[in-house]
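Shown next as structure tokens: one chain only, the form predicted alone.
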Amino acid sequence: MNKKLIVANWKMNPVTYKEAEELFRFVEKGMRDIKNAEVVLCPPFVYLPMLARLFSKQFCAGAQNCFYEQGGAYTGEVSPLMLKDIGCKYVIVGHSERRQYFFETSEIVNKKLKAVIEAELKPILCVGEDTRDSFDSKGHWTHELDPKVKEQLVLMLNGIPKSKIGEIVIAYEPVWAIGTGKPATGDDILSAKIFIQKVISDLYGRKVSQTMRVIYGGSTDSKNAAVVMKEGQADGLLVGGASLDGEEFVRMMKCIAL
């Protein structure tokens, strides 16, 4: 049985390194009995070099973002090669907040994805529709998942060779569930996983689609994580707010990985 992948995205938190280290050490201590999960912690850039010294076999270091060039005159940016040098193994690309606040397009995400793969890091590629339900021009109900997610995947995977596609983790994070306290249902997640696998199958073949990991992100906590994982058949979780509460995050891991 493959280990579940649990990714903690701390976003722009906490505001001091002392708090970051305390959270790190609390989570590290709490997960000593957890054997069936691969845990990736993604703190803000400024904490990565210091926390990287503390990482052990229990954790992988991850970054929340990167630039699409490996070096050069790009003030304020961080390259995949820099992240690799300080010990990162994963990089989140295409997060919905990058799209919302920094106007990242699927074409920009595609360039970042290629740069991450070129640096031999593992991308966590985010996809997801903005609203759960909508109506077409004739007033008929429709689910926005299919066209929205397919368009994102086709554009973001453009030019990615088949030999590299297996290195990508797909994170299904419906925007309508993020920060609402109401995660997608197991049926929603399972439907999304099947659809994502179908798109990958059409692009790269069925064998590739069946081996790609699809994880879920959006308002998960210790009360719903196990149900979301079991009913949605997700290969892991991308955890936001709940990962900033050490006790809650440890409870989540124990719910799904013991």
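Keep in mind that what you see is a predicted model, and the values were worked out from it rather than measured. One rule holds for the numbers: they count along the sequence shown, beginning at 1.
The form predicted together with phosphoenolpyruvate (PEP) exists for this protein as well; it is not shown, and the discussion that follows is about that form.
State yes or no: in the predicted bound form, is some non-hydrogen atom of G217 no more than 4.5 angstroms from a non-hydrogen atom of phosphoenolpyruvate (PEP)? Yes.
4.5 Å heavy atom contact, R25 to phosphoenolpyruvate (PEP) in the predicted bound form: Although phosphoenolpyruvate (PEP) is absent here, R25 would stay clear of it in the predicted bound form, with no heavy atoms inside 4.5 Å.
Residue-level contact is defined here as any heavy atom of the residue lying within 4.5 Å of phosphoenolpyruvate (PEP) in the predicted bound form; does I165 satisfy this criterion? Answer no; every heavy atom of I165 is more than 4.5 Å from phosphoenolpyruvate (PEP) in the predicted bound form.
G240 versus phosphoenolpyruvate (PEP), in the predicted bound form: is there a non-hydrogen atom within 4.5 Å? Close contact exists here: in the predicted bound form, G240 approaches phosphoenolpyruvate (PEP) to within 4.5 Å, heavy atoms only.
Within 4.5 angstroms, counting heavy atoms, which one of the listed stretches 116-124, 95-103, 76-84, 150-158 is next to phosphoenolpyruvate (PEP) in the predicted bound form? Heavy-atom contact with the partner occurs in 95-103.
Taking a heavy atom within 4.5 Å as contact, would all three of G30, E38 and K254 count as contacting phosphoenolpyruvate (PEP) in the predicted bound form? Checking in the predicted bound form: none of G30, E38 and K254 is within 4.5 Å of phosphoenolpyruvate (PEP).
If you look in the predicted bound form, which residues in 155-178 sit within 4.5 Å of phosphoenolpyruvate (PEP) (heavy atoms)? If the 4.5 Å heavy-atom criterion is applied to phosphoenolpyruvate (PEP) in the predicted bound form, 155-178 yields E173, A177, I178.
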